[in-house]
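Below sits a lone chain in structure tokens, taken as the form predicted alone.
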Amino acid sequence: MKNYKISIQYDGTKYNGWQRQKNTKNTIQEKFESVLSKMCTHNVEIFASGRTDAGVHAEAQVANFKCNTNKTPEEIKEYLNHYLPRDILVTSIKEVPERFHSRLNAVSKTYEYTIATKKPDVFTRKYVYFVEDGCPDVEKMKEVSQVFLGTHDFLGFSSVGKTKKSTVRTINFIDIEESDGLIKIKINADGFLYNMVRIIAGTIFDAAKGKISANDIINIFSAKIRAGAGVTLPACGLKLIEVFYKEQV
């Protein structure tokens, strides 16, 4: 079978996340596998670089799948974009080595969380978290965000609960910019736990309002208790914007 790497955009508003689920067919993975299986006339499984949650968007998700087909990559792209829903788009596709895996070979991912401090226009309102109580202290947000950098156990900044798997992750950078009523928080890490980005963004947001201090964050790392961290910001403001690989594939 040939192995294909694809880049995808999707509006996650109406979907129950990326991952296929037993109780619903309304997932991004399910949509892809349904179309691909028909195209290839055999069952096809597709793997993403990360399992975005319900309501989360992607500007540049990366996925791969293996199938038998005589179609060229461009023909596969055209087929997918014809039969997939309009809120899902394949932006590129190419054949890659058999061993390539979009999740296992990824070295880091960047997510962006957007907060609107003034009423957003109608074309962006679905993709931001609108706060009506004024603009937070952006410089304070930048200052507090630096506490998260490096390698830590992020259990207290996730919704994972009890798990035997490692909850240690490394955050490489957090960039925060404010322009024209939009605050964008970009977080790059080698991996993310369930709700980790939204909780970190919520903690930074709460810190800017004086609800949480840098020392509180350090204590949460030690205690590993979710209750001490900030709010989990809504999914609508979160978007996967880039996936990095050690080697260009």
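Residue indices: 1-based, along the sequence shown. Treat the numbers as computed from the prediction; the structure is a model and nothing was measured.
FYI, the form predicted in complex with a further copy of the same chain isn't displayed, but the following is about it.
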So in the predicted bound form, does any heavy atom of residue 10 sit within 4.5 Å of a further copy of the same chain? yes
For residue 59, is any heavy atom within 4.5 Å of a further copy of the same chain in the predicted bound form, or not? yes
Using 4.5 Å between non-hydrogen atoms, is residue 120 touching a further copy of the same chain in the predicted bound form? yes
I'd like to check something about residue 85: if you look in the predicted bound form, is any of its heavy atoms closer than or equal to 4.5 Å to a heavy atom of a further copy of the same chain? yes
In contact with a further copy of the same chain in the predicted bound form (heavy atoms, 4.5 Å), from 163-171, 93-101, 143-151, 75-83, is stretch 75-83
Taking a further copy of the same chain in the predicted bound form and a 4.5 Å non-hydrogen atom cutoff, the residues of 116-147 making contact are 119, 120, 121, 122, 123, 125, 126, 127, 128, 130, 132
